[in-house]
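Shown next as structure tokens: one chain only, the form predicted alone.
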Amino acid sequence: MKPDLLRCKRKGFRLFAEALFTLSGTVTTVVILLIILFLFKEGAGLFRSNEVEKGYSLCVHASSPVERLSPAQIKQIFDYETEWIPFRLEDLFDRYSEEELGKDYALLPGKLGEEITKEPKLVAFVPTQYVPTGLPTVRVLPGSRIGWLRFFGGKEWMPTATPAPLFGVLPLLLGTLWVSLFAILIALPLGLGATVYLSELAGEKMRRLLKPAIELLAGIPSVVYGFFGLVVLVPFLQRTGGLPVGETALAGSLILAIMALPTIITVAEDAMRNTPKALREASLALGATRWQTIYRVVFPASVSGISAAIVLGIGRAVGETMAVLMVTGNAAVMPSSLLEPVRTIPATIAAELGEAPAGGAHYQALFMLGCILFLITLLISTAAEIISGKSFYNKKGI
């Protein structure tokens, strides 16, 4: 009876452990899916928002040829860059006293109508509740929703502009890719070189000394890297390059490269070290040199781990926030040079989410930026899986 009882206990424990692990995996998967769903739900709400600030309307003279204004055209008008005359509610308070506007501003719509009637080129931006009604000389311009094309193809990011915010994500997207691309171009050869040295060339004592030091660098908070870049790297670039400011895309790329190096080196070195020793010995026995063995045997055998290291390095570069926020200058402009300030998507989310009203267009636009960042990371991971699946040994059927 005792062996049977022991077997029953082991079976019960095994079933309990399996159920616990299944529940843990299911809950984790559901939570991740709900987070992704919430992210895209909040982001998609942007395209149901009006281009003009919520609760406000644009009024023009009935004879005005203007039928509809884009956010860029509205910005030009209210920046006094056209022949049209911008008019805000504050201008009405400057022209009339509180007594003339009546108790609880009951006469304000009538006064506004008079101003629009007197000036056919006036474009008034006023709260919807004060829009003059019943006047044949006043016309309210129809509002339109924020479009996909203007969001993804727009070249200006001014989410707090009035009357119509500008949500052009193109400079932020290109700034992110610009900084990350050059960071990986710097970190990848240095990281792979250090990986080959630690895995294949360094002595055991040197490896034991360098490996923990490199792993320690991966644990340094990003704000420390950012502070180092702001205090040391940015003034250095400004002096040596003769730049007006040192907060540039180059500074961001260098900091990200430094931050990505420990991840790339650690993961890739582990992958190369795990290459079966028999493969190395067989290659050397066939007359291959040490470098030929590294290039033709070790690298193909560990390509999956090296791809993972590259993906993690790119992910660190693309998703980094604080360090980039501190050294890139945060200028939401189209990047044309490494020596100019830029702004990345993570830095934009970190800098603006605290000041964006919950549920507003600005808030939803930041969530849409998070969706874009998620899709970029997903594409990078998918590409890495495809690359690792086409390794030398998979092609040869080994």
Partner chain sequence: MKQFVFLTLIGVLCVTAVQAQKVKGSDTVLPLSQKEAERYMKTHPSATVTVTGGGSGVGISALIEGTTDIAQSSRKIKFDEKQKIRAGAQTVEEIIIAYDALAVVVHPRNPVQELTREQLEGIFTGKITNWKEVGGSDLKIIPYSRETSSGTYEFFKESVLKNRNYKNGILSMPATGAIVQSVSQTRGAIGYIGLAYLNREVKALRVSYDGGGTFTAPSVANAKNGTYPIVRPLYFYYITRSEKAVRPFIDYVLSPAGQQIVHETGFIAL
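Everything numeric here is computed off the predicted structure, so don't read it as measured data. By rigid core we mean the largest C-alpha set that fits within 1.5 Å across both forms. Numbering follows the first chain given and starts at 1.
The protein also exists as the form predicted together with the partner chain; that form is not presented, and the subsequent description refers to it.
A.B. asks: In the model of the complex, does each of Thr29, Glu215 and Arg316 have a heavy atom within 4.5 Å of the partner chain?
C.D. replies: Contact check failed for every one of Thr29, Glu215 and Arg316.
A.B. asks: For the chain shown here without its partner, which stretch in 33-41, 62-70, 367-375, 329-337 has non-hydrogen atoms within 4.5 angstroms of the partner chain in the model of the complex?
C.D. replies: It is 329-337 that comes within 4.5 Å of the partner.
A.B. asks: Within 4.5 Å, heavy atoms only: does Glu90 come near the partner chain in the model of the complex?
C.D. replies: Taking the distances in the model of the complex, the answer for Glu90 is yes, it comes within 4.5 Å of the partner chain.
A.B. asks: Test of understanding: in the model of the complex, would Asp104 fall inside 4.5 Å of the partner chain by heavy atoms?
C.D. replies: Output for Asp104 is yes: heavy atoms within 4.5 Å of the partner chain.
A.B. asks: Although the partner isn't part of this model, could you tell me whether Trp291 comes within 4.5 Å of the partner chain in the model of the complex, counting any heavy atom of the residue?
C.D. replies: Although the partner chain is absent here, Trp291 would stay clear of it in the model of the complex, with no heavy atoms inside 4.5 Å.
A.B. asks: Is Gln129 a contact residue for the partner chain in the model of the complex, using a 4.5 Å heavy atom cut-off?
C.D. replies: Within the cut-off, so yes.
A.B. asks: Of the options Val140, Leu190, Leu230, Leu312, which one has a non-hydrogen atom that comes within 4.5 Å of the partner chain in the model of the complex?
C.D. replies: Checked against the cut-off, the match is Leu230.
A.B. asks: Tell me, out of Leu173, Ile186, Leu284, Met158, which residue has a non-hydrogen atom within 4.5 angstroms of the partner chain in the model of the complex.
C.D. replies: For this set of options, the contacting one is Met158.
A.B. asks: Heavy atom within 4.5 Å of the partner chain in the model of the complex: which residues of 202-238 meet that condition, in order?
C.D. replies: Those in contact are Leu230, Val231, Val234, Pro235, Gln238.
A.B. asks: Kindly check if the Cα atom of Glu98 is displaced 2 angstroms or more between this form and the one not shown relative to the superposed rigid core.
C.D. replies: Yes, its C-alpha moves 2 Å or more.
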